[in-house]
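Coming up is one lone chain in C-alpha cells, specifically the form predicted alone.
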C-alpha cells in the first residue's frame, strides 16, 4: 500500500458513470460492495455538480436540478473536506472524472489530478492500443506509475 497515511482511494469514471478504474491504498473499513461504492460515488458527484450549478450566484441560467452540464460549463466544485477525508475531483472536457480520496489535511490537489490524467492515465491507458475506450481497465504499468507519483504528494 502506497502512502497509507495520506492517500485513501481513487476512482476514474467515464461520462456515463461507468467506473473505469478503482484503486485502493488504504481503506480500513469497507461496508459496501465495490459496485455499490462506485455507484454511490458517481451519484454524489452528479448531485454535487447539479447543486453547484443550481446555486451559482453569478448565473441567471440555472437550468433544472439534475440535468447534466457539459464539463467546464457553469459553476463546478473541485474538492470538499470532512473531518475524516478529503474528496478532490478533476473533470476533463471528454467527461472523464478522476476522484482522489485522501487524508483531510491534504492541500489543493488540482495540479496533482491534472498530472495523473495527462502523464499517467493518458500515457498508460489511452495510448495503449489494447485499451477499449469506455471499458474497465487493469494495467500494472498504470498502477506502478500512480503509486510512485502519489508517494511524492504531501
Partner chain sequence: MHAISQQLSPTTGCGGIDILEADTFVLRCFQSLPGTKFFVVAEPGSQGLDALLKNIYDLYVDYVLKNPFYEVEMPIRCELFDLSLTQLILKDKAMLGSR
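Residue numbers count along the first chain shown, from 1. Quick caveat: nothing in here was measured; it's all calculated off a predicted structure.
What comes next is about the form predicted in complex with the partner chain, which is not displayed.
Candidate site formed by 28, 47 and 51: every one of these residues places a non-hydrogen atom within 4.5 angstroms of the partner chain in the model of the complex. Only one of 98, 112, 101, 125 lies close to the partner chain in the model of the complex, with a heavy atom inside 4.5 Å, and it is 101.
Heavy atoms of residue 129 never reach within 4.5 Å of the partner chain in the model of the complex, leaving it off the interface. At the 4.5 Å threshold, heavy atoms of residue 41 reach the partner chain in the model of the complex. Contact between residue 117 and the partner chain in the model of the complex is not found at the 4.5 Å heavy atom cutoff.
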